[in-house]
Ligand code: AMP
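Below, in C-alpha cells: the form predicted alone, a single chain.
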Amino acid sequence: MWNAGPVPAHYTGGVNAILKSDLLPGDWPNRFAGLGAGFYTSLGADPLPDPHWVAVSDDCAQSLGWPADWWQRPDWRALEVFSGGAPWPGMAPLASFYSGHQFGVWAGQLGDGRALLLGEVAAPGGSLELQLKGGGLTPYSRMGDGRAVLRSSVREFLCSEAMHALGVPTTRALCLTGSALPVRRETLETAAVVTRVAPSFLRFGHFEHFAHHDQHAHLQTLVDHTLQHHFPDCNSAAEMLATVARRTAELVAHWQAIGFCHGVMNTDNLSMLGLTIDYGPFGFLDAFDPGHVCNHSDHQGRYAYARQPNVAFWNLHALAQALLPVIGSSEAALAALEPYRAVFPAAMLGRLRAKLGLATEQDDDRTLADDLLKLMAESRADFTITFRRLAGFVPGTPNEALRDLFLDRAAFDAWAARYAARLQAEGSVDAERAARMNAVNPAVVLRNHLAEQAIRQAREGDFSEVQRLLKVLQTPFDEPAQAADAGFPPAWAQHLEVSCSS
C-alpha cells in the first residue's frame, strides 16, 4: 500500500495542514474505478527510496492547469507523490487488467504490470488521467518486477513530449523521478517512475479480455462506460468502432509521415482514443529503409515501418471481434472497419502533399511522392534531413545540398524536373512553400543517439541533457541552437539497439 512519507522539514504547518491544503489540485475523481472491482485491483505503489527529480515538463503541467512551480511547492509534496510515496487526498490508485495479441499471437491476460492509475484532473481542456509507470509489483506483473529503469523512462518521457510537439496524438509525460534503487534488466540499472497523462488509457486489449472470457455483461459495461465518457457522439458500439478505425488510420498516417516506428504494436498497446501509447522499443528513421525494424526483439519484422498500416488494420479486426457480442452481427462489425480503408490512404496522401509543399491536389501526386520515397530508399537517404532540405528546393538551380543525399544523381535530377514542373503548375512561390514545408517537416526528432546521450549523462547523475533535449524537442520545427541536434547520426549510433526491455 501507499507508505506515508515524512513531512518536509521546512514545512511547519503540520500533517493536517498538508492534507487540507486548498492549493492541491482537484478532488481526484476516477471514472474507471466506478466500473467496479471486476475491472481492476486497488493497490498502492512501492515508493522509490530516496527519490530525486530527473525532469519535469512545464508544458504538460500547463495543460493540467497547474502552476509552473508545482513540483517545488512544499505543501504539494510532489516528489513524494510522483515517486510512489503517499498520495494526495482523494487519489485511489488502481491497476487494470486486459488481454491481447502480442506479435500476432493470443497472449492471454496481461494488465498494468507496472502502472497505477491515480485518478483524474479537471484540466482546462477536459478531464485527464494521471498514471505512474514503474511503481512496483501489481497482480499483473507476471514475471516482471513492476519497476521501470532510468534508460527506458528517459526515452518515454522525452518521446511523449516530442510527439505532442510534432502534433501527433499521444499520451504525455508530466515528470520523471529516479532513485539509486538497483533494477535488473540485461544489466543492473537504476529505477525511475514516469508520470503519464492522457484522457484515457483504455486499450483494445481491455475489450479483448472480457470477450475472450465470455464475460459479456462486463464487456457491455465497459462499452457503455467508453461511449458515455469518451465517445459521446456515438450511439452504439459499431459507431464507436468506426470512430476508432478513423482515429487509428489518421494516427498511423501521422507516424508514417514523420518516420516514426512504434516497435511493439500489440493489441494491448493500441489506444481506443487513437493515441500513441506505450513507448518502448520505438525509433525514428535515420537512413530511409521501408523494412526497418526498430525493435530487436521483433525477429520476424512484424512491426517494420512499412508494415505498420496493415498491422493497425489487423489489430482493428481483433477489436471488432472482441466487440462482436455487443455489436451483434459480423456484417455490422466489418462495416465499421471500412473507414480505415478510405481514411488511411487519404490521410497519408494529404500528409505527403504537405511534406512536398503542394498547395493543390493533382491526380499524379501519389506517384510523385512514392517515386521520391523509392529514390530515398535506394540511396538510404536520411528521412528527416531529406524532407527538411526539400523545403529549400528552388527550380532551375542545382539544389546541391538536397541532391547530394542521393547516390543516383541522374535519377534524382529526373524526379526534380517533375517536381519543379508540378510546383510551376500551381504557381508555387518558393518562400511561401518553404515556410509551409518547414512547419510540417521537423528539423529535430528524438533519434536514438540523442536519447542515448541524455541517458548516459543521467546515469552519471547529470540530468541537464534530459531537460535541454526536452526544450529542443518541444520546438521541433525550429532550427536548433546546436546544429548536431538536427544533424546526421554519428557512426556509433549504428550499433545502438532497443528491445522490448527498453
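Everything numeric in this text was worked out from a predicted model, so none of it was measured. Heads up: residue numbers just count along the shown sequence, starting at 1.
Beyond what is shown, the protein has a form predicted in complex with adenosine monophosphate; the following relates to that form.
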property: Contact residue in the model of the complex, from 301, 89, 144, 345 (heavy atom within 4.5 Å of adenosine monophosphate); result: 144
property: Sole residue of 240, 95, 264, 175 within 4.5 Å of adenosine monophosphate in the model of the complex, by heavy atom; result: 264
property: Contact segment among 345 to 353, 104 to 112, 231 to 239, 417 to 425, judged by heavy atoms lying within 4.5 Å of adenosine monophosphate in the model of the complex; result: 104 to 112
property: Close approach of residue 120 to adenosine monophosphate in the model of the complex, 4.5 Å, heavy atom; result: no
property: is_contact(residue 366, adenosine monophosphate) in the model of the complex, heavy atom dist at most 4.5 Å; result: no
property: Interface membership of residue 161, adenosine monophosphate in the model of the complex, 4.5 Å heavy atom rule; result: no
property: is_contact(residue 268, adenosine monophosphate) in the model of the complex, heavy atom dist at most 4.5 Å; result: yes
property: Adenosine monophosphate in the model of the complex - contacting residues of 151 to 186, heavy atom within 4.5 Å; result: 185
